[in-house]
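Below, in structure tokens: the form predicted on its own, a single chain.
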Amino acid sequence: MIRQILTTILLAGSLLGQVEFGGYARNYIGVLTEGDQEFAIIQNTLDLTLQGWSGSVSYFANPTIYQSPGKDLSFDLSEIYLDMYFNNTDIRLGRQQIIWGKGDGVFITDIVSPKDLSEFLLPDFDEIRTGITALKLNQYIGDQTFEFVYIPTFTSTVFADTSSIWSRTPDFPVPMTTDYSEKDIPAMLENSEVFAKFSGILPFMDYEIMAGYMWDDDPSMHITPTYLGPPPALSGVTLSPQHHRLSVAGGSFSTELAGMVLRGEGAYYIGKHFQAQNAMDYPIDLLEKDYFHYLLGLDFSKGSTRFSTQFIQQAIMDYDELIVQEEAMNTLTFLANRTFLRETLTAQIFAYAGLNKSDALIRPTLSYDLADGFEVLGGANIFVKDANLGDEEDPGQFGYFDNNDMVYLKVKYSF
């Protein structure tokens, strides 16, 4: 099946004007540092790109094959689309990734393409974003661009399988069942998603203004308790994941400030659903609230070292004390990057720090370009949990994976 798809793509490409091929082959091995030092990942990847053009039409295809020992081959066609060019207007039709915003390592206005979180936030972001079938229209007005996106069918976030070390399932002291009957969004015209963005370049900054009418990519967990008798005699719970409509408006900017780059990005979401519980810590139905997600970032260089830092906050409006999530969730990110040996050796460290739970994810890497297109990269993923937290307390989104520290090696050849 995979061979037939690749053959079809290559044959179709050869029939349309000029053609360029590219891609990479990669071996990726990760080992857990805790316990018996199990392999967290052994993966071989073949990522191909095919691009061709003829006159005012071009096409692009990006098939990817993943192979892991003991598993079936996994095929992903992350992008395959046609571009049509007119005077001051471009139209892109097909499966594509759409990237918006100014943030690094965070999704605020960059929400058009859903996410694959089956390995948490560890893959490269072009692998975390999943392709969507959409129509994208760009209208150019001088230094400004109006972008419109129409998505006919909804695609959900991909989460880790329950057997994965990256799975995070609710913890209840009673039996739990899951009802998926209301999770799917039917492919109907009324269930389409639309987004729009206006961006431009001014003498002192560049900016983006966006809005969207969408489904929440992350399902909300409706929880139905079952009682043996009158509450609080809880005997079990039923989880019902459901996606809800959201309206969102926001924007981003970047500008130079005293030799540094100041970045900002924010989005206001209307109609987000949050888990709640009663005074006895028993689950109750979700509460619908608006929330604001924003960041401020600063990029600068000292000598040959590049630095970047961001403050990120998610704030729930009109907060209710019954909501499980805290009213404001604060995160810091830090990046330092330096090259050596005529830019063939790169040392980098990127870190998330959760301020509410004192947890963190620290990601040091060292990469070396052995030859043209041939790169070796070694790194580590270090999860930090606050040692002062009790066993029953939430350790935070990074501290939850405290036992998943790993070291890894990637060998990649790009062609």
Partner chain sequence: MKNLLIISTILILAGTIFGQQLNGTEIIEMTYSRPTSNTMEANLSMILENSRGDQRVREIKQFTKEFGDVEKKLMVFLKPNDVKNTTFMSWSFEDGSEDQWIYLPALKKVKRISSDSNSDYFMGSDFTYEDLGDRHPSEDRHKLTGEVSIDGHDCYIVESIPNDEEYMYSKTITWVIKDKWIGYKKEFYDEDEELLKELSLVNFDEHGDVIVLTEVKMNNVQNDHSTIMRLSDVEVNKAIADNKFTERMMKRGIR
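What you see is a predicted model; the values in this text were computed from it and never measured. Positions refer to the first chain, counted from 1.
Just so you know, the form predicted in complex with its partner chain exists too; it's not on screen, but the next bit is about it.
- The closest non-hydrogen atom of Val158 lies beyond 4.5 Å of its partner chain in the model of the complex.
- A residue is said to contact a partner when one of its heavy atoms sits within 4.5 Å of a partner heavy atom; Phe125 meets this definition for its partner chain in the model of the complex.
- The closest non-hydrogen atom of Glu321 lies beyond 4.5 Å of its partner chain in the model of the complex.
- Using a 4.5 angstroms threshold between heavy atoms, Ala187 stays clear of its partner chain in the model of the complex.
- Highlighted residues Thr133, Thr365 and Tyr408: none comes within 4.5 Å of its partner chain in the model of the complex, counting any heavy atom.
- Only one segment in the set 242-250, 83-91, 217-225, 325-333 has residues whose heavy atoms sit within 4.5 Å of its partner chain in the model of the complex; it is 83-91.
- Of the listed positions (Gly266, Gly103, Pro114, Gly212), a single one reaches within 4.5 angstroms of its partner chain by any non-hydrogen atom in the model of the complex, namely Gly103.
- The listed set Asp285, Asp290, Asp206, Asp179 contains one residue whose heavy atoms approach its partner chain in the model of the complex to within 4.5 Å, identified as Asp206.
- Residues of 33-59 placing a heavy atom within 4.5 Å of its partner chain in the model of the complex, in sequence order: Gln51, Trp53, Ser58.
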